[in-house]
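Next comes just one chain, in structure tokens: the form predicted on its own.
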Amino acid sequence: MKNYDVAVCGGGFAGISAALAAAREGKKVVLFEKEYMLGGLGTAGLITIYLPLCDGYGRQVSFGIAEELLKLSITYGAEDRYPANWLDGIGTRTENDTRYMVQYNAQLCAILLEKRLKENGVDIMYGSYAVDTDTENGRITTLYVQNKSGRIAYPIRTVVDATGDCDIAHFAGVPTETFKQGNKLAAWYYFTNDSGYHLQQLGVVDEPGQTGESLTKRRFSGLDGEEISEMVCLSHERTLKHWLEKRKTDPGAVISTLATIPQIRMTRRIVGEYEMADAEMHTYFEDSVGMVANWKKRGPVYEVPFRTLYNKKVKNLIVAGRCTSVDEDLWEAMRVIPCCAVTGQAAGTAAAMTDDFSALDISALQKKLVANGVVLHEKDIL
């Protein structure tokens, strides 16, 4: 099949950011996405809240493509949570004010993300997902992709694993860890009524200050096909039950949109050259490739070490998104959209520069990131 400089596996916000970054460095990029819309959990999964780019105390910490995609998602207006203090400069930005986050329309966002990738020359392969690799002398040489055409072998120079499940690393024999706590059940859906179009966050809630409700005591690994199918059926069952109860007081309510992928947050991650811990907030890392905040609480800022994105066992593989190398406590903060975009931009830029991440000149990578709007260190926040 076609030869590409960079293959990105997974079309969520991490993969989109990686593909954009690599393409903007002049590389020939392909993005493989198993669904037929981009955005992952943020669109097909209906988790349509672009969580904060700020630390909750008035300082923006995530920049570059992370901010670009937030603004892109509300090109035609926000559904809710429009932060006028950040986007329009109206009001103040203190610990008592709205954080830099938005709620967007899933379908519009997916179309706009596709358009942005196509404008930057990225080839998108829908209905396509990696199922295996050939690895030789510490390098992935071939990526096997399954789609309607069958099983296709792609010769590979560099791979970005943005699958969310660390699938490519797993196939290639890179050390990984699974999420030991398991995932709680979620059943988010949209409904319409006389007052408009609404997001119903049922079960697990991804929003500052909210905890959600427990729909079942069962936890889900997200790595077993039979279990995932059972989870989706339970989600649909809870949705129906919730809607029928809602109709008793709101007879005009109609379910308008269901998630088309399971709402699984964390499954498997890489064991990188460095594992970042939740306790390392406000820690300076010389090899930082960007910063992220903690969506669950105000205050923490984390610099992201480049070493959390790869394991030198496989030289030409880098990860982005929710499968970077962090401890169990930090994983919950690192899995969300802004963090996926920050690590995606770093991974894609690095993939455009080298096919051996352990030998990459970090200062050269950092210069490119800074030139593209990224702020690397907390001390540099204005």
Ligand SMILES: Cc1cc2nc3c(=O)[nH]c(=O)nc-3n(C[C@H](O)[C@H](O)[C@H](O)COP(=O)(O)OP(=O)(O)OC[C@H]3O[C@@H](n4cnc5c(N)ncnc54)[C@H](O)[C@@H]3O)c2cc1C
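A quick note: this is a predicted structure, and the numbers were derived from the prediction, not measured. One rule holds for the numbers: they count along the sequence shown, beginning at 1.
The same protein has a further form, the form predicted together with this ligand, not shown here; the description that follows concerns it.
Peer 1: So in the predicted complex, is this ligand close enough to residue 56 to count as touching (4.5 Å, heavy atoms)?
Peer 2: No, residue 56 sits far enough from this ligand in the predicted complex that none of its heavy atoms falls within 4.5 Å.
Peer 1: Are any of the heavy atoms in residue 270 no more than 4.5 Å from a heavy atom of this ligand in the predicted complex?
Peer 2: Output for residue 270 is no: heavy atoms all beyond 4.5 Å of this ligand.
Peer 1: Though only this chain appears here, would residue 160 touch this ligand in the predicted complex if you measure heavy atom gaps against 4.5 Å?
Peer 2: Residue 160: no, not in contact with this ligand in the predicted complex.
Peer 1: Give a yes or no for residue 357: in the predicted complex, does one of its heavy atoms lie within 4.5 Å of a heavy atom belonging to this ligand?
Peer 2: Result no; residue 357 lies far from this ligand in the predicted complex.
Peer 1: In the predicted complex, which of the stretches 162-170, 283-291, 222-230, 68-76 has residues with heavy atoms within 4.5 Å of this ligand?
Peer 2: Result for this chain: 162-170.
Peer 1: If the criterion is a non-hydrogen atom within 4.5 angstroms, does every one of 64, 342 and 369 touch this ligand in the predicted complex?
Peer 2: Not one of the three qualifies.
Peer 1: Here the chain is shown alone; which of 326, 29, 350, 336 has a heavy atom within 4.5 Å of this ligand in the predicted complex?
Peer 2: For this set of options, the contacting one is 336.
Peer 1: If you check 100, 302, 306, 188 against this ligand in the predicted complex, which one has a heavy atom within 4.5 Å?
Peer 2: Partner contact (heavy atom, 4.5 Å) among the options: 188.
Peer 1: Taking only heavy atoms into account, state which residues of 351-382 are within 4.5 Å of this ligand in the predicted complex, ordered by sequence.
Peer 2: Counting only heavy atoms within 4.5 Å of this ligand in the predicted complex, no residue of 351-382 makes contact.
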